[in-house]
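Just one chain follows, in the form predicted on its own, and it is written as structure tokens.
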């Protein structure tokens, strides 16, 4: 940890060439993972990293430098290099004075998974393997992994902030492969939380492993999906990845502040159907994407992004705030000390509505039921997206019929928001890692079951 007096010296040094704001981000990370492949423990690793980054602002110009030399001399050298990159004039300035702040801790942690015996963790992975294989001889391969991390952070800045926090996360990942001799299909479950090993103990491991296996088996026997324009019902949980990717990124200051978003200048305007309300909430206790404070030291917030179809807020970090002239929203995040922070999502979801799940299917005619979504790509400037459906079913005359594979959902986020005509009552979230300019960070995606009345489905 960097002592408060040393942090004052480092920040003062960083401002010597005329910067108007300086910040230190210190990180001490203990992380581990244990992995199983085909009934055997394949690896068990632990990693301990420490380092710090220094950022200096002059208006909307910024410089970021980082180091793992955490001596006072090493940190001062890094501060001098950052200051020199921003300007050459030796302007001096008032010494920085820091005041300790204590964040509100919303996450109860009972036991760090890294302190649990390796054999006990390995037994969980062996149970995953056995449960998935018990479904059918068609399950030919199972991989499972258990990841944990404890991250201590310190954030100090020239506004006087000196604050520390500890973040603990645990995640289980199970992938089952079903094979017919000529082709393979996979199914995956990957629950996670900002919690300790008690999270793993509270999971129904066998049910999760069998759910992964059932998806793989179902898709192995599925027929190719027909292509066309049709109504689509998207299930809750990981179905929220479409809103996250196609709309969420376009509401981050990283895009909006540069004018690279379809939602620029649309605060207070209608951008979605009346039934759509969407939130980014970093204050949910023990949620995978939650924070006590963001990576700029600001308390996490609950932000209503869209309310009854009207755009209410963006997600804004410090640099985005300067560019946009709007307040920060506790959205500054980064993968680790080697990245400068940018505006990022935390737990982002479409809120529950009032519609009946069965009525959505019954009244949709012919279309596609997307039970599980996969990955995809999106252009935040245009909002155009393309997402894979990991488990899908054709709907005929309002009834779910045979499974289909190879389906993709294609469209523009701004268009799809207006075409949502049903939002169910049961919200479910799923955990993932989101990549952007500041690296990969934990995020939750989610929604109730929704219906899009018309959507392009790619297939055969």
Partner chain sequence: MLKKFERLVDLAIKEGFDKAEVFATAQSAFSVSVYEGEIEDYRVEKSAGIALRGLYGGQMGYASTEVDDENEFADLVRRAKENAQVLESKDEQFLYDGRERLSWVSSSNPALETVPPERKIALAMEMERACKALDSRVARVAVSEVGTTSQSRVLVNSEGLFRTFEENIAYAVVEPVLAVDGGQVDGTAFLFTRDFDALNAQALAREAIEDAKRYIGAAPIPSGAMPVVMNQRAMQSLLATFVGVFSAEAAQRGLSLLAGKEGETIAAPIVTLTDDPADGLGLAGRPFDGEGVPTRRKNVVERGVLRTLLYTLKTAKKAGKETTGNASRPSYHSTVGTSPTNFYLEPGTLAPEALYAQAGNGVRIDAIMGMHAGCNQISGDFSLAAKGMRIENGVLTEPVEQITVSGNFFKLLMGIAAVGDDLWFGFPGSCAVGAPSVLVDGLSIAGK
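Numbering follows the first chain given and starts at 1. Fair warning: this is a prediction, and the values are worked out from it, not measured in the lab.
The discussion below concerns the form predicted together with its partner chain, not included here.
Answer yes if any heavy atom of residue 457 is within 4.5 Å of a heavy atom of its partner chain in the predicted bound form; otherwise answer no.
-> Contact check for residue 457: yes, within 4.5 Å of its partner chain in the predicted bound form.
4.5 angstroms heavy atom contact with its partner chain in the predicted bound form for residue 171 | Answer no; every heavy atom of residue 171 is more than 4.5 Å from its partner chain in the predicted bound form.
Look up in the predicted bound form whether residue 63 has a non-hydrogen atom within 4.5 angstroms of its partner chain, and give yes or no.
-> Judged by the heavy-atom cut-off of 4.5 Å, residue 63 is in contact with its partner chain in the predicted bound form.
Do residue 269 and its partner chain come within 4.5 Å of each other in the predicted bound form, heavy atoms counted?
-> Residue-level check for residue 269: no, no contact with its partner chain.
Have a look at 184, 363, 151, 134 for me and say which one sits with a heavy atom within 4.5 Å of its partner chain in the predicted bound form.
-> Of the candidates 184, 363, 151, 134, 184 is the one lying within 4.5 Å of its partner chain in the predicted bound form.
Among the candidates 166, 357, 118, 286, the residue which, in the predicted bound form, approaches its partner chain to within 4.5 Å (heavy atoms) = Here the answer is residue option 118.
From the candidate stretches 204-212, 303-311, 290-298, 330-338, select the single one in contact with its partner chain in the predicted bound form, where contact means a heavy atom within 4.5 Å.
-> The contacting stretch is 330-338.
For the heavy atom contacts within 4.5 Å of its partner chain in the predicted bound form, list the residues of 349-376 involved, in sequence order.
-> Going through 349-376 in order - heavy atoms within 4.5 Å of its partner chain in the predicted bound form - the hits are 374, 375, 376.
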